[in-house]
Structures are given as structure tokens and as C-alpha cells.
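One chain comes next, on its own, written as C-alpha cells: the form predicted alone.
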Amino acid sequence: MSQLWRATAPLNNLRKRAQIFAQIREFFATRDVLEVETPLMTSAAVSDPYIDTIECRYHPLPGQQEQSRYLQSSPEYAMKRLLASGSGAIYQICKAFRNGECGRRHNPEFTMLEWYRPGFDHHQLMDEVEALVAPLIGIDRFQRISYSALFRQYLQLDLQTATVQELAAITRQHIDIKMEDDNRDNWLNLLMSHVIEPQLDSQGAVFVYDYPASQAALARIAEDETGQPVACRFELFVAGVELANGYYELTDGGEQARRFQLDIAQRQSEGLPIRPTDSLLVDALESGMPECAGVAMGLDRLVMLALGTEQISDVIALPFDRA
């Protein structure tokens, strides 16, 4: 008889997972942050070229037209609509879905924590992320380093002057790759994921902030101390594992619409599927969303770090191959 019916995560790990979720809810309750729920199936998909949304079909009553829906890759758009509706500080623990992401640290269906703090910038939100995470995983020292300083430290690269050709050459020194690409960010992402992140493994908890302005996604853009434009965002790495991604949020509806169009153009140039973008988010921003910072955190990875395991199947009862 097949044993595929069995849970992969030991019961003690599932108890630890439940305990962590309870601690997270207590953390936000003491800070008067409201727990909310938003739809898992949406009428629009994320435009980010590096995320492939899972599409599903809704079959209404006979005679009505079939509709495409998308399983959310993040509750971000819907939560921002709540912020524009006057919700105040909010958080959500929910399922998120991403195509093609399955492995030691990935499951196509995973659990995400996302929260938004009106009145915070990304530096203040880093403080709160640290306050939440430190007791859960037993780390009390968190480093902070800018994206450009990280490249100087580990690759002796000055990102203000480095050309696409130089980035490609350095990438090929470290990775056996035959890719030809004039997209600067694709080379930066390869260097970050394949060269720098593995070296963060021994550095404990590290916040990387002030990403290139070209990688702003849904963050606002400002000038750093040298006067260079940067994206007001951060990522948290713990033992080399990317755990959280936070923004000082963009609140300009027109700029958001422009960035959607840039994403579509990049998707077209790379032969990626074109999905409908979220006009409701643009409408919400144009109606007035409060100045705020927001962050998304992978809770399966957080539990992995708390338990010291390298396999996501150790913390999910029934992962993708047993769903």
C-alpha cells in the first residue's frame, strides 16, 4: 500500500507551527493591528515578470460566460484597497500561490504573513520585523546593509558605474551560464541569488535595504545619502534564506499604472504570459491611500528557521506532491 497519504511534517513540528502562528497573532493584538481576510481568487494577476501566477477557471450558471481567475501570489493589492478604505494598520495570514516554485524551500501553495503600518517608513518597519522575528527564531543580532554596499563588500562592484557588460562578465566568472541579456536587473538578480546570498548564510540575520530604483516594484523611490535614486524597500535574510520583503509603499496611482505598463512591456519582450493588471488598485491609490510601509513574510520558512530544518516538507503537513 502506498504511504503517500501520510503527512510529511512530524506532529511536534506542526505543534510548533501552531504555536508560532498564535504568537504572531498575539504580537499584533498587543499593537492594535487588525487581522483581515481578502479573496484568494482575483480578477487580475500580479504584473511582476519574475512571478508566474496560477490561473483557474470559474464556471457560472449555464448560459453565462466562463471567467478567468488568478490564485493570489500575495494579498498586497487587496490589502491596499482596505487601507484606502480607511482600515488603519492591518495584517493577514493567508495562502499564496506561485507557478513553477517547488523544491527544498518552495511549495507552489505556501503560507504568507503580510502587514501594513500607516505612518511608518521602511526603516521603522524593519524595527518591527526584527521585534517579531527575533524571539521566534532565537536571534538577537540583526545587521543592516544597503544593496550597493553589499555588492561592494562581496563583489568589489560599484553599481553606480558598472555596465551591463561588466555585470555579465562577473556573473560568468561565478556561474556557468550562456545567457545573453541586456537587462541589467537580470544580471544583478543572478549575482544576488547565486553569489551573494549563499555568503549571507554565516551572517545570521541581515536586512538589505535601498535596492536599485529599477527594482522598486511597488515601493516609492527616493535619493540615498549620495544623491542616487533608490527603491525604498528591504529584504530580510536569515542564515542565507530570504524571509521577508518590505516596501515604503508607493501611493501614486498614476505612477503605479505606469509601472504596470513597464512590467507588461518586459513580459512581452521576454515572451512571458500577459495577464490583466489590477485597475482597482490604481483606483484605490488615486482615491487616497495613507502613507505607509508594508512587508510580506514567508511563514513556512519562518517555521523552518525556528526548527532548524532545511526542508519545507518538514513544516507543511501535506506539501504539493501529496496534496
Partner chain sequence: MANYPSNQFKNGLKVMIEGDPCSMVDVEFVKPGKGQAFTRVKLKNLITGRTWERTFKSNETAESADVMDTDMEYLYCDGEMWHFMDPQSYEQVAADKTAVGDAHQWLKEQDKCLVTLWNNNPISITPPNFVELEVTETDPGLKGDTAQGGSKPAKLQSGAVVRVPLFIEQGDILKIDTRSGEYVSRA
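Residue numbers count along the first chain shown, from 1. Treat the numbers as computed from the prediction; the structure is a model and nothing was measured.
This protein has a second form, the form predicted together with the partner chain, left out of what is shown; the following refers to that one.
Novice: Are Ala257, Leu281 and Met297 jointly within 4.5 Å of the partner chain in the predicted complex, each by at least one heavy atom?
Specialist: Result no, not one residue of the spot touches the partner chain.
Novice: Although the partner chain is absent from this view, report whether Tyr116 comes within 4.5 Å of it in the predicted complex, heavy atoms only.
Specialist: No, Tyr116 is distant from the partner.
Novice: Report whether the minimum heavy atom distance between Tyr247 and the partner chain in the predicted complex is within 4.5 Å.
Specialist: It does: once the partner chain is placed as it appears in the predicted complex, Tyr247 has a heavy atom within 4.5 Å of it.
Novice: Just to confirm, Thr111 within 4.5 Å of the partner chain in the predicted complex by heavy atoms?
Specialist: The answer is no: Thr111 has no heavy atom within 4.5 Å of the partner chain.
Novice: Mark Met179 yes when one of its heavy atoms lies within 4.5 Å of a heavy atom of the partner chain in the predicted complex, and no otherwise.
Specialist: Yes, Met179 is a contact residue.
Novice: Looking at heavy atoms inside 4.5 Å, which stretch does the partner chain contact in the predicted complex, given the options 285 to 293, 49 to 57, 63 to 71, 23 to 31?
Specialist: Contact criterion met by 49 to 57 only.
Novice: Counting non-hydrogen atoms within 4.5 angstroms of the partner chain in the predicted complex, say which of Arg98, His122, Arg81, Arg220 makes the cut.
Specialist: Looking at Arg98, His122, Arg81, Arg220 one by one, just Arg98 meets the 4.5 Å heavy-atom criterion.
Novice: May I ask you to choose, among Ile139, Ile175, Ile145, Leu159, the residue with a heavy atom within 4.5 Å of the partner chain in the predicted complex?
Specialist: Flagged contact: Ile175.
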